[in-house]
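Consider the single chain below, provided in C-alpha coordinates and representing the form predicted alone.
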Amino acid sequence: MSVKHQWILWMIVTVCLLAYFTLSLTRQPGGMAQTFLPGVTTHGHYQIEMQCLVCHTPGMGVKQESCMDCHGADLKRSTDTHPRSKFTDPGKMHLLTKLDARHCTTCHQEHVPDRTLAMGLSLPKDYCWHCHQEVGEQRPSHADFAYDSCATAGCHNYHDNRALFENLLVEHHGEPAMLEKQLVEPRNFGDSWQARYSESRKTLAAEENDAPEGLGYDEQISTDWAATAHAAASVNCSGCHTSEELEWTNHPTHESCGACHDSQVAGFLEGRHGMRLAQGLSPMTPSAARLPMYATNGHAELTCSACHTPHKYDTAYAAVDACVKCHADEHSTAYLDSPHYDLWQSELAGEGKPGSGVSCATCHLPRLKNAEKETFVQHNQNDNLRPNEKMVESICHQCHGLQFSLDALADEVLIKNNFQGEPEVHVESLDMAKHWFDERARLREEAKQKREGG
(Lines give C-alpha, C1' and ligand atoms only; values in the text may rest on other atoms or scores of the structure.)
Protein backbone atom coordinates (compact mmCIF):
# COMPACT_ATOMS: atom_id res chain seq x y z
CA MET A 1 0.00 0.00 0.00
CA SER A 2 1.35 3.36 -0.97
CA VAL A 3 1.97 6.13 1.54
CA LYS A 4 -0.89 8.10 -0.01
CA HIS A 5 -3.32 5.26 0.53
CA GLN A 6 -2.09 4.79 4.08
CA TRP A 7 -2.82 8.46 4.82
CA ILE A 8 -6.31 8.19 3.34
CA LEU A 9 -6.99 5.05 5.35
CA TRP A 10 -5.72 6.77 8.52
CA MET A 11 -7.98 9.78 7.91
CA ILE A 12 -11.04 7.59 7.32
CA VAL A 13 -10.43 5.61 10.51
CA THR A 14 -9.83 8.81 12.49
CA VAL A 15 -13.03 10.45 11.22
CA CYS A 16 -15.04 7.30 11.97
CA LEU A 17 -13.67 7.10 15.51
CA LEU A 18 -14.37 10.79 16.16
CA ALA A 19 -17.91 10.41 14.85
CA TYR A 20 -18.43 7.33 17.01
CA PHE A 21 -17.22 8.99 20.20
CA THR A 22 -19.13 12.21 19.48
CA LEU A 23 -22.37 10.33 18.92
CA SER A 24 -21.75 8.22 21.99
CA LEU A 25 -21.21 11.28 24.15
CA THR A 26 -24.20 13.19 22.89
CA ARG A 27 -26.63 10.31 22.51
CA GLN A 28 -29.31 10.58 25.18
CA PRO A 29 -29.12 8.90 27.57
CA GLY A 30 -25.98 6.93 28.30
CA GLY A 31 -23.91 5.64 25.43
CA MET A 32 -20.20 6.12 26.07
CA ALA A 33 -20.91 9.03 28.40
CA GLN A 34 -20.20 6.90 31.47
CA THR A 35 -16.70 6.20 30.16
CA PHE A 36 -15.94 9.86 29.76
CA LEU A 37 -17.28 11.14 33.08
CA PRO A 38 -14.40 13.26 34.38
CA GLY A 39 -15.17 12.45 38.02
CA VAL A 40 -17.85 11.30 40.46
CA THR A 41 -20.96 13.47 40.29
CA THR A 42 -22.51 15.04 43.40
CA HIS A 43 -25.51 13.54 45.16
CA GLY A 44 -27.65 16.29 43.66
CA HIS A 45 -26.87 15.42 40.05
CA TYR A 46 -25.72 11.82 39.80
CA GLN A 47 -29.18 10.58 38.81
CA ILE A 48 -29.05 12.60 35.63
CA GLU A 49 -25.31 12.39 34.94
CA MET A 50 -25.91 10.40 31.74
CA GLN A 51 -27.94 13.28 30.34
CA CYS A 52 -24.79 15.30 29.60
CA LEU A 53 -26.54 17.86 27.42
CA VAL A 54 -28.88 18.90 30.24
CA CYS A 55 -25.95 20.79 31.76
CA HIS A 56 -23.30 20.82 29.01
CA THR A 57 -22.96 22.26 25.54
CA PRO A 58 -21.96 19.78 22.79
CA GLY A 59 -18.40 21.01 23.36
CA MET A 60 -18.75 20.05 27.06
CA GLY A 61 -18.95 23.61 28.31
CA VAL A 62 -21.39 24.29 31.16
CA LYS A 63 -24.66 26.06 30.42
CA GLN A 64 -25.50 28.67 33.09
CA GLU A 65 -29.15 28.52 32.07
CA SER A 66 -29.23 24.83 32.96
CA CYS A 67 -28.63 25.68 36.60
CA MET A 68 -31.39 28.28 36.56
CA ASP A 69 -33.82 25.97 34.71
CA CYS A 70 -33.79 23.62 37.69
CA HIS A 71 -32.91 25.90 40.60
CA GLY A 72 -34.13 29.32 39.47
CA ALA A 73 -37.62 29.01 40.91
CA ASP A 74 -36.26 27.94 44.29
CA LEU A 75 -33.78 30.83 44.33
CA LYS A 76 -36.64 33.20 43.56
CA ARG A 77 -38.76 31.78 46.38
CA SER A 78 -35.84 32.08 48.77
CA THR A 79 -35.30 35.78 47.92
CA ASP A 80 -31.68 34.99 47.06
CA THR A 81 -29.40 37.29 49.06
CA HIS A 82 -26.58 36.98 46.53
CA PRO A 83 -28.34 37.19 43.14
CA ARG A 84 -26.32 37.47 39.94
CA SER A 85 -27.56 41.06 39.54
CA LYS A 86 -25.62 42.02 42.65
CA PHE A 87 -22.38 41.21 40.85
CA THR A 88 -23.29 42.78 37.53
CA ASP A 89 -23.96 46.17 39.15
CA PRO A 90 -21.12 48.44 37.89
CA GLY A 91 -20.89 49.98 41.35
CA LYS A 92 -20.05 46.62 42.86
CA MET A 93 -17.75 45.26 40.20
CA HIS A 94 -14.89 45.30 42.71
CA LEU A 95 -16.58 42.31 44.38
CA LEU A 96 -15.74 40.20 41.33
CA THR A 97 -12.09 40.31 42.28
CA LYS A 98 -13.03 38.41 45.43
CA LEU A 99 -15.75 36.16 44.09
CA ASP A 100 -17.00 36.04 40.52
CA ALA A 101 -20.52 35.05 41.54
CA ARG A 102 -21.98 35.83 38.13
CA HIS A 103 -21.53 32.18 37.31
CA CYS A 104 -22.91 29.26 39.34
CA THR A 105 -19.81 27.20 38.56
CA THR A 106 -17.60 29.60 40.47
CA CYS A 107 -18.88 27.98 43.67
CA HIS A 108 -20.49 24.78 42.39
CA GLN A 109 -18.26 22.73 40.10
CA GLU A 110 -19.18 19.17 39.24
CA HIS A 111 -17.05 16.03 38.97
CA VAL A 112 -14.55 17.22 41.63
CA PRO A 113 -15.43 14.98 44.60
CA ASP A 114 -12.08 15.58 46.31
CA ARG A 115 -13.05 19.20 47.02
CA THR A 116 -16.84 19.12 47.06
CA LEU A 117 -18.48 19.97 50.38
CA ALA A 118 -22.09 19.95 51.57
CA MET A 119 -24.59 21.82 49.38
CA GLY A 120 -22.40 21.01 46.36
CA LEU A 121 -19.92 23.73 47.34
CA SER A 122 -16.54 23.34 45.64
CA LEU A 123 -14.95 26.45 47.18
CA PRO A 124 -13.13 26.51 50.53
CA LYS A 125 -15.66 27.12 53.31
CA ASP A 126 -14.11 30.47 54.33
CA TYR A 127 -15.45 32.23 51.21
CA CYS A 128 -17.69 34.54 53.30
CA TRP A 129 -14.71 36.05 55.07
CA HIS A 130 -13.25 37.60 51.93
CA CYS A 131 -16.13 40.11 51.66
CA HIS A 132 -17.42 40.19 55.24
CA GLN A 133 -14.28 40.18 57.37
CA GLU A 134 -15.43 43.35 59.20
CA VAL A 135 -18.20 41.40 60.95
CA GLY A 136 -15.86 40.31 63.72
CA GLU A 137 -15.13 43.98 64.49
CA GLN A 138 -18.76 45.13 64.30
CA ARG A 139 -20.15 42.24 66.36
CA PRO A 140 -18.02 41.48 69.44
CA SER A 141 -19.98 38.24 69.84
CA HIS A 142 -18.59 37.07 66.46
CA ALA A 143 -14.97 38.11 67.06
CA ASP A 144 -13.68 34.64 67.96
CA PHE A 145 -15.63 32.67 65.37
CA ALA A 146 -13.73 30.60 62.84
CA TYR A 147 -13.57 31.95 59.28
CA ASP A 148 -15.46 28.98 57.93
CA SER A 149 -18.27 28.86 60.51
CA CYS A 150 -20.77 31.37 59.05
CA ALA A 151 -23.27 28.68 58.06
CA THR A 152 -22.98 26.85 61.37
CA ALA A 153 -26.40 26.20 62.89
CA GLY A 154 -28.02 27.63 59.76
CA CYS A 155 -27.43 31.23 60.79
CA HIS A 156 -26.09 32.51 57.46
CA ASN A 157 -26.53 30.85 54.09
CA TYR A 158 -25.31 32.26 50.81
CA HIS A 159 -28.63 32.09 48.95
CA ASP A 160 -31.40 31.31 51.41
CA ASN A 161 -31.66 32.95 54.82
CA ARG A 162 -35.34 32.26 55.42
CA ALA A 163 -34.71 29.51 57.98
CA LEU A 164 -33.32 31.68 60.75
CA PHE A 165 -33.13 35.42 61.27
CA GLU A 166 -32.55 37.60 64.30
CA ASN A 167 -36.12 38.74 64.89
CA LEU A 168 -37.30 35.12 64.83
CA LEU A 169 -34.59 34.06 67.27
CA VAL A 170 -35.36 36.87 69.72
CA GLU A 171 -39.14 36.48 69.44
CA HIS A 172 -38.96 32.82 70.44
CA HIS A 173 -36.12 33.03 72.98
CA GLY A 174 -36.92 31.15 76.18
CA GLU A 175 -39.62 28.87 74.76
CA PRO A 176 -40.15 25.50 76.50
CA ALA A 177 -39.08 22.30 74.72
CA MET A 178 -42.72 21.35 74.08
CA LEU A 179 -45.23 23.94 72.94
CA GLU A 180 -48.84 23.87 74.05
CA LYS A 181 -50.57 23.11 70.74
CA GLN A 182 -48.44 20.30 69.22
CA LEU A 183 -50.50 19.87 66.05
CA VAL A 184 -49.45 20.10 62.41
CA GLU A 185 -51.42 22.08 59.84
CA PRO A 186 -54.28 19.95 58.45
CA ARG A 187 -54.45 19.32 54.70
CA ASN A 188 -57.48 20.89 53.07
CA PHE A 189 -56.77 20.51 49.35
CA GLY A 190 -59.49 17.87 48.94
CA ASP A 191 -62.05 19.81 50.97
CA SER A 192 -61.30 22.99 49.07
CA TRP A 193 -61.62 21.18 45.74
CA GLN A 194 -64.91 19.63 46.82
CA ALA A 195 -66.26 23.02 47.88
CA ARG A 196 -65.41 24.56 44.53
CA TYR A 197 -67.02 21.82 42.44
CA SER A 198 -69.70 20.40 44.75
CA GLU A 199 -72.57 21.77 42.65
CA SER A 200 -71.44 20.08 39.46
CA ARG A 201 -70.02 16.91 40.99
CA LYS A 202 -71.50 13.90 42.70
CA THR A 203 -70.10 10.87 44.46
CA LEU A 204 -69.78 7.97 42.05
CA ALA A 205 -70.56 4.34 42.90
CA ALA A 206 -68.47 1.36 41.80
CA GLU A 207 -70.92 0.38 39.08
CA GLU A 208 -70.74 3.88 37.60
CA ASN A 209 -67.12 3.50 36.54
CA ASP A 210 -66.50 4.25 32.87
CA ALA A 211 -63.69 1.78 32.19
CA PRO A 212 -63.97 0.31 28.66
CA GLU A 213 -65.88 -2.95 28.38
CA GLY A 214 -63.72 -6.00 27.87
CA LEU A 215 -60.78 -4.53 29.77
CA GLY A 216 -60.70 -7.54 32.05
CA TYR A 217 -59.82 -5.77 35.28
CA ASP A 218 -60.33 -7.10 38.79
CA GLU A 219 -63.70 -6.00 40.21
CA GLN A 220 -61.93 -5.13 43.47
CA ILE A 221 -60.37 -2.21 41.63
CA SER A 222 -63.69 -0.47 41.09
CA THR A 223 -64.67 -1.23 44.69
CA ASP A 224 -61.44 0.35 45.95
CA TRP A 225 -61.87 3.34 43.66
CA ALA A 226 -65.45 3.94 44.85
CA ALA A 227 -64.13 4.43 48.39
CA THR A 228 -61.62 7.13 47.41
CA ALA A 229 -61.71 10.90 47.28
CA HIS A 230 -61.55 10.56 43.50
CA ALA A 231 -64.94 8.85 43.33
CA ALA A 232 -66.31 11.31 45.89
CA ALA A 233 -65.17 14.14 43.62
CA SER A 234 -66.72 12.50 40.54
CA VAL A 235 -63.32 11.72 39.02
CA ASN A 236 -64.05 8.61 36.97
CA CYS A 237 -61.62 6.07 35.51
CA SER A 238 -61.25 8.03 32.29
CA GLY A 239 -60.17 11.08 34.27
CA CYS A 240 -56.81 9.40 34.97
CA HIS A 241 -56.58 6.67 32.34
CA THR A 242 -57.16 8.80 29.24
CA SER A 243 -54.17 10.37 27.53
CA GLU A 244 -54.06 13.82 25.94
CA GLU A 245 -54.88 12.06 22.66
CA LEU A 246 -58.03 10.72 24.38
CA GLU A 247 -56.70 7.18 24.20
CA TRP A 248 -57.09 4.74 27.10
CA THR A 249 -53.91 3.86 29.00
CA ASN A 250 -53.58 1.22 31.71
CA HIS A 251 -50.69 3.04 33.35
CA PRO A 252 -51.29 6.77 33.86
CA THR A 253 -48.15 8.87 34.24
CA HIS A 254 -47.33 11.72 36.60
CA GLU A 255 -48.65 14.01 33.89
CA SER A 256 -52.14 12.59 34.43
CA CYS A 257 -51.86 13.24 38.17
CA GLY A 258 -50.52 16.75 37.49
CA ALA A 259 -53.69 17.71 35.62
CA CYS A 260 -55.34 18.16 39.05
CA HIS A 261 -52.41 17.94 41.49
CA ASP A 262 -50.03 20.32 39.74
CA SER A 263 -48.36 21.67 42.88
CA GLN A 264 -47.68 18.19 44.21
CA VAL A 265 -46.32 16.88 40.90
CA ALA A 266 -44.14 19.96 40.44
CA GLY A 267 -42.54 19.30 43.83
CA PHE A 268 -42.14 15.59 43.04
CA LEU A 269 -40.24 16.37 39.84
CA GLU A 270 -37.92 18.78 41.69
CA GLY A 271 -36.98 16.18 44.31
CA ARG A 272 -34.75 13.12 44.22
CA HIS A 273 -37.73 10.82 43.62
CA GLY A 274 -38.86 12.50 40.39
CA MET A 275 -35.86 14.34 38.98
CA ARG A 276 -35.10 11.60 36.44
CA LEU A 277 -38.66 11.81 35.09
CA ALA A 278 -38.28 15.59 34.84
CA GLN A 279 -35.38 15.02 32.42
CA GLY A 280 -37.20 12.44 30.33
CA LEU A 281 -35.33 9.47 31.84
CA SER A 282 -36.76 6.25 33.22
CA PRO A 283 -38.07 6.46 36.80
CA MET A 284 -35.64 6.37 39.71
CA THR A 285 -35.33 3.01 41.47
CA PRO A 286 -34.10 2.32 45.03
CA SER A 287 -31.31 0.12 43.62
CA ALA A 288 -29.82 3.22 41.97
CA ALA A 289 -29.86 5.26 45.20
CA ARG A 290 -26.71 6.16 47.12
CA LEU A 291 -28.56 5.88 50.44
CA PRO A 292 -29.05 2.39 51.93
CA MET A 293 -32.19 0.74 50.55
CA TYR A 294 -33.83 -2.65 50.99
CA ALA A 295 -32.93 -4.96 48.10
CA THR A 296 -36.43 -6.44 48.11
CA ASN A 297 -37.76 -3.21 46.57
CA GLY A 298 -34.63 -2.34 44.66
CA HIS A 299 -36.29 -2.32 41.27
CA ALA A 300 -39.50 -0.52 42.20
CA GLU A 301 -40.03 2.45 39.89
CA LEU A 302 -40.63 5.72 41.71
CA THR A 303 -43.71 7.11 40.05
CA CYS A 304 -46.73 8.59 41.82
CA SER A 305 -48.13 5.06 42.13
CA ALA A 306 -45.07 3.85 44.03
CA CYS A 307 -46.28 5.63 47.19
CA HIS A 308 -49.94 6.27 46.38
CA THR A 309 -51.30 2.80 45.87
CA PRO A 310 -53.37 2.88 42.66
CA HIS A 311 -57.15 2.92 43.14
CA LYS A 312 -56.80 3.30 46.93
CA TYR A 313 -54.67 6.44 47.31
CA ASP A 314 -54.13 5.71 51.00
CA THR A 315 -52.38 8.82 52.33
CA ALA A 316 -51.58 7.08 55.63
CA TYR A 317 -49.75 4.34 53.70
CA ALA A 318 -47.93 6.94 51.63
CA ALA A 319 -46.90 8.86 54.76
CA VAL A 320 -44.99 5.99 56.42
CA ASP A 321 -45.25 2.48 54.92
CA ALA A 322 -44.23 3.60 51.45
CA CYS A 323 -41.07 5.17 52.91
CA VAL A 324 -39.92 2.43 55.29
CA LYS A 325 -40.39 -0.36 52.77
CA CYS A 326 -37.50 1.12 50.75
CA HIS A 327 -35.30 3.26 53.04
CA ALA A 328 -32.91 1.14 55.12
CA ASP A 329 -30.69 3.87 56.58
CA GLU A 330 -30.22 4.24 60.35
CA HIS A 331 -32.52 7.26 60.69
CA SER A 332 -35.39 5.61 58.79
CA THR A 333 -35.22 2.26 60.56
CA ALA A 334 -35.05 3.96 63.97
CA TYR A 335 -38.30 5.83 63.27
CA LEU A 336 -40.39 2.75 64.10
CA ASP A 337 -39.03 2.88 67.69
CA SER A 338 -39.35 6.65 68.09
CA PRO A 339 -41.82 8.79 70.08
CA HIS A 340 -42.86 10.34 66.77
CA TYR A 341 -44.01 6.94 65.48
CA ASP A 342 -45.92 6.33 68.73
CA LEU A 343 -47.80 9.59 68.14
CA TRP A 344 -48.52 8.50 64.55
CA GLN A 345 -49.94 5.18 65.72
CA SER A 346 -52.03 6.95 68.34
CA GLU A 347 -53.56 9.26 65.72
CA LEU A 348 -54.32 6.35 63.37
CA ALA A 349 -56.03 4.52 66.24
CA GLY A 350 -58.22 7.55 66.91
CA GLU A 351 -56.65 8.12 70.31
CA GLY A 352 -54.73 11.23 69.30
CA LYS A 353 -56.13 14.40 67.75
CA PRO A 354 -55.95 14.78 63.96
CA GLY A 355 -52.56 16.33 63.22
CA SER A 356 -50.93 15.06 66.42
CA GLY A 357 -49.14 12.15 64.74
CA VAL A 358 -45.67 12.57 63.24
CA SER A 359 -45.07 10.47 60.12
CA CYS A 360 -42.14 10.44 57.71
CA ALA A 361 -44.16 12.76 55.48
CA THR A 362 -44.87 15.15 58.34
CA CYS A 363 -41.20 16.14 58.45
CA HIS A 364 -39.97 15.42 54.92
CA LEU A 365 -43.04 16.45 52.90
CA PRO A 366 -44.06 19.67 54.67
CA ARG A 367 -47.46 21.20 54.20
CA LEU A 368 -47.50 24.48 52.32
CA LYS A 369 -50.13 26.95 51.14
CA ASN A 370 -50.67 27.64 47.45
CA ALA A 371 -51.96 30.81 45.82
CA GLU A 372 -55.54 29.80 46.69
CA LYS A 373 -54.55 29.44 50.39
CA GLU A 374 -55.06 25.68 50.16
CA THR A 375 -52.79 23.58 52.35
CA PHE A 376 -51.13 20.98 50.18
CA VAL A 377 -48.21 18.56 50.62
CA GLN A 378 -44.85 19.58 49.20
CA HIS A 379 -43.66 16.45 47.38
CA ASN A 380 -40.03 17.55 47.07
CA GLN A 381 -38.66 15.62 50.05
CA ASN A 382 -35.33 17.45 49.76
CA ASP A 383 -36.77 20.94 49.91
CA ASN A 384 -36.23 21.44 53.65
CA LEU A 385 -33.08 19.35 54.16
CA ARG A 386 -30.29 21.63 52.98
CA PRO A 387 -29.65 23.04 55.52
CA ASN A 388 -31.85 21.08 57.90
CA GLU A 389 -32.66 24.26 59.86
CA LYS A 390 -35.20 24.90 57.08
CA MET A 391 -37.33 22.29 58.90
CA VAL A 392 -37.66 24.46 62.00
CA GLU A 393 -40.39 26.86 60.91
CA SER A 394 -42.31 24.50 58.64
CA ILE A 395 -42.24 21.45 60.94
CA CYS A 396 -40.42 21.34 64.28
CA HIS A 397 -41.73 24.64 65.59
CA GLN A 398 -45.33 23.45 65.35
CA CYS A 399 -44.70 21.26 68.40
CA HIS A 400 -41.28 22.15 69.85
CA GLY A 401 -39.72 25.36 71.13
CA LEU A 402 -37.18 27.01 68.86
CA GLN A 403 -34.16 26.33 71.08
CA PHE A 404 -35.05 22.66 71.44
CA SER A 405 -35.61 22.39 67.67
CA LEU A 406 -32.23 23.90 66.78
CA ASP A 407 -30.39 21.83 69.37
CA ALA A 408 -32.04 18.62 68.11
CA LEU A 409 -31.25 19.36 64.46
CA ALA A 410 -27.60 20.04 65.36
CA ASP A 411 -27.24 16.74 67.25
CA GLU A 412 -26.01 14.11 64.78
CA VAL A 413 -26.57 11.26 67.25
CA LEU A 414 -30.16 12.34 67.80
CA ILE A 415 -30.80 12.56 64.07
CA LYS A 416 -29.49 9.03 63.53
CA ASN A 417 -31.67 7.53 66.27
CA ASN A 418 -34.67 9.50 64.98
CA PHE A 419 -34.91 11.83 67.98
CA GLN A 420 -35.12 9.23 70.71
CA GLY A 421 -33.94 11.29 73.66
CA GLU A 422 -32.96 14.85 74.50
CA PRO A 423 -30.45 16.90 72.48
CA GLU A 424 -26.96 17.04 73.92
CA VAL A 425 -25.87 19.87 71.66
CA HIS A 426 -26.59 23.51 72.50
CA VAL A 427 -26.86 26.08 69.71
CA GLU A 428 -25.97 29.54 71.03
CA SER A 429 -27.71 31.55 68.30
CA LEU A 430 -30.78 32.48 70.38
CA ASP A 431 -28.73 33.61 73.36
CA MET A 432 -26.45 35.65 71.11
CA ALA A 433 -29.33 37.32 69.29
CA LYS A 434 -31.10 38.10 72.58
CA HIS A 435 -27.91 39.55 74.05
CA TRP A 436 -27.34 41.64 70.91
CA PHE A 437 -30.87 43.06 70.95
CA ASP A 438 -30.67 43.84 74.70
CA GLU A 439 -27.28 45.50 74.31
CA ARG A 440 -28.46 47.52 71.34
CA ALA A 441 -31.54 48.70 73.28
CA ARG A 442 -29.34 49.68 76.22
CA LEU A 443 -27.00 51.72 74.03
CA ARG A 444 -29.92 53.46 72.35
CA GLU A 445 -31.43 54.31 75.72
CA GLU A 446 -28.11 55.71 76.93
CA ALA A 447 -27.82 57.82 73.79
CA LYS A 448 -31.37 59.07 74.21
CA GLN A 449 -30.78 60.07 77.82
CA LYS A 450 -27.57 61.79 76.82
CA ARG A 451 -29.35 63.80 74.15
CA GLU A 452 -32.18 64.75 76.51
CA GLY A 453 -29.72 65.63 79.29
CA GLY A 454 -27.45 67.61 77.02
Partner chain sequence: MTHSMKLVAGLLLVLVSGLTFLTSGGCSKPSEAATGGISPEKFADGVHAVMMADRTVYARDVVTRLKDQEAPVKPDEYWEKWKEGDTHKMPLPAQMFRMGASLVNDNPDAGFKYSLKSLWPLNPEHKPANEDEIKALKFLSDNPGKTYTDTITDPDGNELFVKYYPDRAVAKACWECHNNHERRDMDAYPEFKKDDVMGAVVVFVPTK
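Numbering follows the first chain given and starts at 1. Because the structure is a prediction, the values reported are computed rather than measured.
The protein also exists as the form predicted together with the partner chain; that form is not presented, and the subsequent description refers to it.
Consider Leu96 of the chain shown here, and say whether it contacts the partner chain in the model of the complex, taking contact as heavy atoms within 4.5 Å. It does: once the partner chain is placed as it appears in the model of the complex, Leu96 has a heavy atom within 4.5 Å of it.
Distance check, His251 to the partner chain in the model of the complex, heavy atom within 4.5 Å: So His251 does not count as contacting the partner chain.
May I ask you to check whether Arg84 falls inside a 4.5 Å heavy atom distance of the partner chain in the model of the complex? Because a heavy atom of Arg84 falls inside 4.5 Å of the partner chain in the model of the complex, the answer is yes.
Taking 4.5 angstroms as the cut-off for heavy atoms, does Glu166 touch the partner chain in the model of the complex? Yes - in the model of the complex, heavy atoms of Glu166 and the partner chain come within 4.5 Å of each other.
Only one of 241-249, 292-300, 87-95, 329-337 gets a heavy atom within 4.5 Å of the partner chain in the model of the complex; which is it? Only one stretch qualifies here: 87-95.
Contacting member of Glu171, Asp210, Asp262, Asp144, with respect to the partner chain in the model of the complex [4.5 Å, heavy atom]: Contact residue from the list: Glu171.
Exactly one of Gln194, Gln182, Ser234, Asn161 has a non-hydrogen atom within 4.5 Å of the partner chain in the model of the complex; which residue is it? By the 4.5 Å heavy-atom cutoff, the listed residue in contact is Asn161.
Where, within 424-441, is there a heavy atom within 4.5 Å of the partner chain in the model of the complex? Residue list please. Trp436, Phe437, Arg440 sit within 4.5 Å of the partner.
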